[in-house]
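Below you will find one chain, with nothing else, as structure tokens; this is the form predicted on its own, and questions on how it binds or moves follow later.
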């Protein structure tokens, strides 16, 4: 999305409050935090590399504002059910949450999130230097916007419910030393990737490509990473399943090949296991989220620092990359919503985005991606800037029913293909009827 399109992002939304400039006087700026001093906000967030990098800066927020931050940290796939429970109470125990973008429409449909526009237009709360439009547009739309086209894309009717934080874009990392040693060039296409994984595995005696593969969400994520570049879609324009296609079968076939030539155990790998296989030298290639960039340089996690290079996600029928990850939101029944908003605004600000990126987190602002200090420490961000040109905000359907489809249908059946109990085509065909039932129940397809 071009910068001029970013300015149109909220067209047709409750654009008045969101776009109206907050009138900030010096007194208001000085008193923005004063009335909240001594309050404690409870924030639910994940055990995740970006959030680990960000946590070290929270004491600075408390020193600046007097607002204490209590973190409820947990494994991210456990967060969804806990968040639903807490946010459904008459008074939520959480004042802010980190949520995956794929949960946003479900939470809004259930009335569990507070829209952010009113607070962003509140002159007593808003930071005039925040610059919402500096955030990478694909992240803002994919993670933060609800309403609009299809219910989850920017455009008429869309509203902002979350600020991106812990964003993801797929990218390829590879062991330059290993590829050079055995005479391989980094693959630029899926044809090149598939041609090299077998010989690479045989020669280097390690896994060729690491991948997620655990039954449920992790397998679906891995499938979609390949489905979109190969030219496939989950649904057609009438919400009929469209994945039993050459591209869909090809995407499962890619995963089966990755399992055959990769590190042992991929069908049980979540994100952590998949990433660790690369960081510990058990795989030569990694194709997944940019969270890898900071972790490669982390001596507590990595044995491969100085040996890794980066390139675009290989091209299939097209270049493509996910745009998603986590965002910070405020429960509708938060007891300290305004203090929580000040925390969200501060930790996603220009200055903090740079600090967190330098500390090993992931940049989500255009200004950070161009920051000389960030580029000096992480020259691989130049690859990320190029990769972002190919992001697709509609790479997955973020409808309220998606969690059920993702976790209980696609991710289960495709995993059966990975462990050899079904063919690629049979696994996908087995998903069609239950997904049609879900879409009929949701009113997308006429019964």
Partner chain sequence: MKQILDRLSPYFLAGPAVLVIGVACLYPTLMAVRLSFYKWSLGDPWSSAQWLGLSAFRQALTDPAVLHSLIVTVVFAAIVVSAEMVIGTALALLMERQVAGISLFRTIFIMPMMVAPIVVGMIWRYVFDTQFGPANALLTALGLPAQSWLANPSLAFLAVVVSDIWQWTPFVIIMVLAGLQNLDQSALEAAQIDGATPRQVILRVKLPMLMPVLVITALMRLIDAFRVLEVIFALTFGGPGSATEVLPLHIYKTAFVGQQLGYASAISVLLLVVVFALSLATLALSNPLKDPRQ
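Positions refer to the first chain, counted from 1. This is a predicted model, so every value here is computed, not measured.
The same protein also exists as the form predicted together with its partner chain; that form is not shown, yet it is the one meant from here on.
Though the partner is left out of this view, residue 295 does not reach within 4.5 Å of its partner chain in the model of the complex, counting heavy atoms only. Although the partner is absent here, residue 415 lies within 4.5 Å of its partner chain in the model of the complex, judged by heavy atoms. Using a 4.5 angstroms threshold between heavy atoms, residue 267 counts as touching its partner chain in the model of the complex. Put simply, residue 154 is far from its partner chain in the model of the complex: not one heavy atom of it is within 4.5 Å. Contact with its partner chain, judged by heavy atoms within 4.5 Å in the model of the complex, is confined among 47 to 55, 64 to 72, 375 to 383, 397 to 405 to 397 to 405.
Each of 84, 106 and 441 comes within 4.5 Å of its partner chain in the model of the complex, counting any heavy atom.
214 is the sole member of 371, 214, 261, 349 with a non-hydrogen atom lying within 4.5 angstroms of its partner chain in the model of the complex. Here is the short version: of 189, 240, 88, 335, the single residue with a heavy atom within 4.5 Å of its partner chain in the model of the complex is 88. Contact residues in stretch 280 to 304 (any heavy atom within 4.5 Å of its partner chain, taken in the model of the complex) are 280, 282.
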